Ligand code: TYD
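For reference, the chain that follows is the form predicted on its own, supplied as structure tokens.
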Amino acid sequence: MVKSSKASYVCQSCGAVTMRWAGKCESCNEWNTIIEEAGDAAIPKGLSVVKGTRGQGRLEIQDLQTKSKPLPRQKTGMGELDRVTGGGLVPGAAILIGGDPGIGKSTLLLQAVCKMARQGKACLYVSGEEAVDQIRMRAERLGLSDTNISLAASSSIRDILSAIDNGVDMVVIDSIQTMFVDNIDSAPGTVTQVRTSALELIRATKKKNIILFLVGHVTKDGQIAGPRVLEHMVDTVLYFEGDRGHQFRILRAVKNRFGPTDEIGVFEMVEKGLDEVANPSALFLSQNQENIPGNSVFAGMEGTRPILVEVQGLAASTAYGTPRRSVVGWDSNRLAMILAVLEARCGLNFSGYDVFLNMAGGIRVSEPAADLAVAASLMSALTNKTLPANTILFGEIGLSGEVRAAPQTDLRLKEAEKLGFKTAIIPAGSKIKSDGNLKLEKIKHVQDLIALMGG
């Protein structure tokens, strides 16, 4: 092992390296994140600096036309997990999953490895946070105690690599922040240890086409803790989202080398673990109440899946000079834009009202097509007039108040009709192949929405 005589100081938030300590990191502007790491300059065995001469270490060069036999995807038996990963797990893939503490990451992966083991796959579950008996207790609670999987409680990368050499098909590391390489002096969880541990695991599993799951802790901002290079090293990054006040959990892909990055999987947390939700639209609309001012239903898309979401708006008289704007499940900046458009183009006055907006069910919506449903909820809340019963809306609103078409209109309308909706308020420029039995109200400007609500 080669060591440097100089100490290095590493930011635990972004991984920036400096030669002296400072209270604030100049790269990410975070405070009190720089610590001294004696092992950052150390080069562990297997990662030594290349000092060879010409002719040593030859690359295997291939041309673009060379075709190799593709490895078949492996189904986990959990349809929602397979959907998010692009249709199944690719052998040799490294998958990083993050989420808030207690959201259900360990439960999800324990259920996944047990289903894989029942298909005859050799699975290894390694925990650096729990004892083996604690994992057994969770498996017994989930009804999985009869499954043949290998368990280990260890934080040593050297020991884990030795176990992988014995032949496994799938490995779960819970969590990467607890792992350490013994020839690096830094403590587990530091940037150097996280980066090196992940590199060693990924390199070893890719050589043997082993599926690797890494559980990652998150910061208070909801980002995966540790260096950002960790997300670049893996093939897939998943976030397990949800509100503890709701039983729903959303598995979302933000990076996927083997599939789309806009798919979501929906689960429901029950006593026996996580249940898959095959029809999330019905779930998010289960408590929908008609004829209530401020309520509308948005027909959205998450990847290839149409989802109907209830949008709830409330406008209450404010007692302060600066009205409050509160949003749950949507972009606060986009809410400010919609309010400005309604005031400037439609003559509505929200300056004397606190505005609250909520996407029911704990789901987070990022699609611009939700603009029209949000505008309808805000109009309804302000004027105390309700939308027509059994109506869905979607469409993007521009700064001039025009309503723009949204993609995949037919899938949205088909999902709405399946759930019993009768009317759809859509942009006038929408391309439709078949509208079924829905009554379509096409609008060009957001002012047309006021007319549909009775003025």
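All residue numbers are counted from 1 along the displayed sequence. Quick caveat, the model's predicted, so the values are computed rather than measured.
From this point on, the text means the form predicted in complex with the named molecule, which you will not see here.
- Query: Though the named molecule is not shown, can you say which of Asp100, Glu231, Glu310, Glu367 has a heavy atom within 4.5 Å of it in the model of the complex?
  - Reply: None of the other options qualify; the answer is Asp100.
Practice task
Answer with one of Asp146, Asp165, Glu271, Asp133: the residue that has a non-hydrogen atom within 4.5 Å of the named molecule in the model of the complex.
Solution key: Contact check passes for Glu271.
Give a yes or no for Gly104: in the model of the complex, does one of its heavy atoms lie within 4.5 Å of a heavy atom belonging to the named molecule?
Within the cut-off, so yes.
Interface membership of Ala360, the named molecule in the model of the complex, 4.5 Å heavy atom rule: Heavy-atom contact with the named molecule at 4.5 Å: absent for Ala360.
>> Please determine whether Arg138 contacts the named molecule in the model of the complex, using a 4.5 Å cut-off between heavy atoms.
In response: Flag for Arg138 set to yes.
Item checked: Any non-hydrogen atom of Val341 within 4.5 angstroms of the named molecule in the model of the complex -> The answer is no: Val341 has no heavy atom within 4.5 Å of the named molecule.
Task: Interface stretch in the model of the complex with the named molecule - options 320 to 328, 79 to 87, 271 to 279, 191 to 199, non-hydrogen atom within 4.5 Å - done: Looking at the other structure, the answer is 271 to 279.
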